[in-house]
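Take a look at this single chain, the form predicted alone, given in structure tokens.
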């Protein structure tokens, strides 16, 4: 606790987390029942966006078949809940099923990367939409009712109760992802994303990390599908989990921030609330999403979270007047070897300029490489 209070950056992040959590818990109290539906839908889409942040943002595996995992969660979840299985057990069952399905897709795709992996996931999504979801053992041609059982005394019959249940599951998933990113496993995932060859040179075994990331991502997506079916209390048709829907789902983390956990929250809220907003202006959702993607990509930032972070840094620098110390590499000025006029002693003079206020107790270490010598100053 003392370490948290002594570090301004950690303290500010903790304050933001507390404020966002309090707002997420309290806002249904002050809103109507209609808004509760979009709140639950936002939490469900945020869970899907979180799965794609882990897969695409952290590991570099782009999937265009993630809507299929959402569909499996809906259809398998309906059968599990209809059998009287409690919701917590149903969540674990559906998540395990999604992880197993991802192995069928992930293991053969270990040697694929880039556009080839994307094509494989696209084919997987098309096969699920046109064949597997048409089977009577999965969904068939008839819609089924998805029950809404109570969860630990919380009734999910209302959208408000379901929202709180999904919110708890999403909070647990965020906590797991946050710890994953700070661990050695998370650093290995980022290394694989940046360069698989460099990661292998650092003795990182590529296959387990890629399969694990795909399995975790699929488990989160199928869990979201379970709650998606509960929200609509029915099993939507296979076209709701087709290729076009996969494009929409991939847009979630891109708009919010492909590397940020907060990007999943913003992306989920964006897609859930975009439909009623664009209906006011008589604009198609596909067009609005395309414009949002273009603007985000052209901005050069990592989604909305990247824009907010850059704006915050600019405002803090303008108001406070100071900035953090910048660390980086430098090279000696070649002109100093001759004093700028050709009459120098032939030696380069290192000049270092530190911007901002250094933290008390820090020091600057210079490593100067000379002709066959190395000196630390």
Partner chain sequence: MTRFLGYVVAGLANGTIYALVALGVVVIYRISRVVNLAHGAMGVFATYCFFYVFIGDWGLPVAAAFVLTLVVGAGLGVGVERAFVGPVRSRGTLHTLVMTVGVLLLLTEATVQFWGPNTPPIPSVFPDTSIRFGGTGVSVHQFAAAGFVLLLAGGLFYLLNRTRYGTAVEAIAEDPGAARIVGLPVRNIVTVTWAIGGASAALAGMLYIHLNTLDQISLTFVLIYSLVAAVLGGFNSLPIAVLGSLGVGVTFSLAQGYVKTPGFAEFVVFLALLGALLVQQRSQQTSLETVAEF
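Numbering follows the first chain given and starts at 1. Since the structure is predicted, the reported quantities are computational estimates derived from the model, not experimental observations.
Although it is not shown, the form predicted in complex with its partner chain is what the next lines describe.
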item: Single option in 307, 171, 234, 244 placed near its partner chain in the model of the complex, where near means a heavy atom within 4.5 Å; value: 244
item: Partner-contacting position among 96, 274, 204, 120 - heavy atom within 4.5 Å of its partner chain in the model of the complex; value: 120
item: Residues 17, 22 and 180 all lining its partner chain in the model of the complex, heavy atom within 4.5 Å; value: no
item: Residue 116, heavy atom within 4.5 angstroms of its partner chain in the model of the complex; value: yes
item: 4.5 Å heavy atom contact, residue 290 and its partner chain in the model of the complex; value: yes
item: Exercise: residue 64 in contact with its partner chain in the model of the complex, heavy atom 4.5 Å; value: yes
item: Its partner chain contact at residue 284 in the model of the complex, heavy atom, 4.5 Å; value: yes
item: Listed range touching its partner chain, judged in the model of the complex by heavy atoms within 4.5 Å, from 244 to 252, 84 to 92, 153 to 161, 221 to 229; value: 244 to 252
item: Partner contacts in the model of the complex for 13 to 36 (non-hydrogen atom within 4.5 angstroms of its partner chain); value: none
item: Cα separation of residue 115 and residue 205 in the model of the complex versus here, shift of 3 Å or more; value: closer
